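Before any questions on binding or motion, here is one chain by itself as structure tokens, the form predicted on its own.
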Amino acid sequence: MSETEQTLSIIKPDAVERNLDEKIKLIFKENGFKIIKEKKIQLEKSEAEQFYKVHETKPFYNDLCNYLSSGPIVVMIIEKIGAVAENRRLMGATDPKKAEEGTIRKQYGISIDKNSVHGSDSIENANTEIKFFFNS
């Protein structure tokens, strides 16, 4: 049996702007996640650049940083057994058009860029990303 894990989830600006944060939080809760900590913040572009540093050599880096800092976001530490993999399954594919029915991105994502949610892709990144937002 897998262990209880914590991972980071971000409700991105496009979803916050459309007042979807409570609906998305409910989806997590209905799928067995516990929201351990959460806060609504607005990132500076420099903070978004630091957060997405892993992608700095990629062509979409600047657009990604501009987007994440374009409006308020909700950052959350969520927890359950196998949280990283479960969160990624629940979010769906990066491209909402390719995401499976019932996933958050299929329901609420607008485009590859404005796909409503972010989730850590590994335990290591989850730990790094949680520290970035919650200094724990």
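Computed from a predicted structure; not experimentally measured. The first residue of the shown sequence is 1; numbering continues from there.
Form predicted together with uridine-5'-diphosphate: not shown, discussed below.
Put simply, Leu64 is close to uridine-5'-diphosphate in the predicted bound form: some heavy atom of it is within 4.5 Å. The closest heavy atom approach of Tyr52 to uridine-5'-diphosphate in the predicted bound form falls within 4.5 Å. Within this chain, Asp113 lines the site of uridine-5'-diphosphate in the predicted bound form, having a heavy atom no more than 4.5 Å away. For the chain shown alone, Arg88 is a contact residue for uridine-5'-diphosphate in the predicted bound form, at least one non-hydrogen atom being within 4.5 angstroms. A heavy atom within 4.5 Å of uridine-5'-diphosphate in the predicted bound form is found for one listed residue only; from Asn31, Ser70, Gln107, Thr94, this is Thr94. Comparing 22-30, 78-86, 39-47, 54-62 against uridine-5'-diphosphate in the predicted bound form, the single stretch with non-hydrogen atoms within 4.5 angstroms of it is 54-62.
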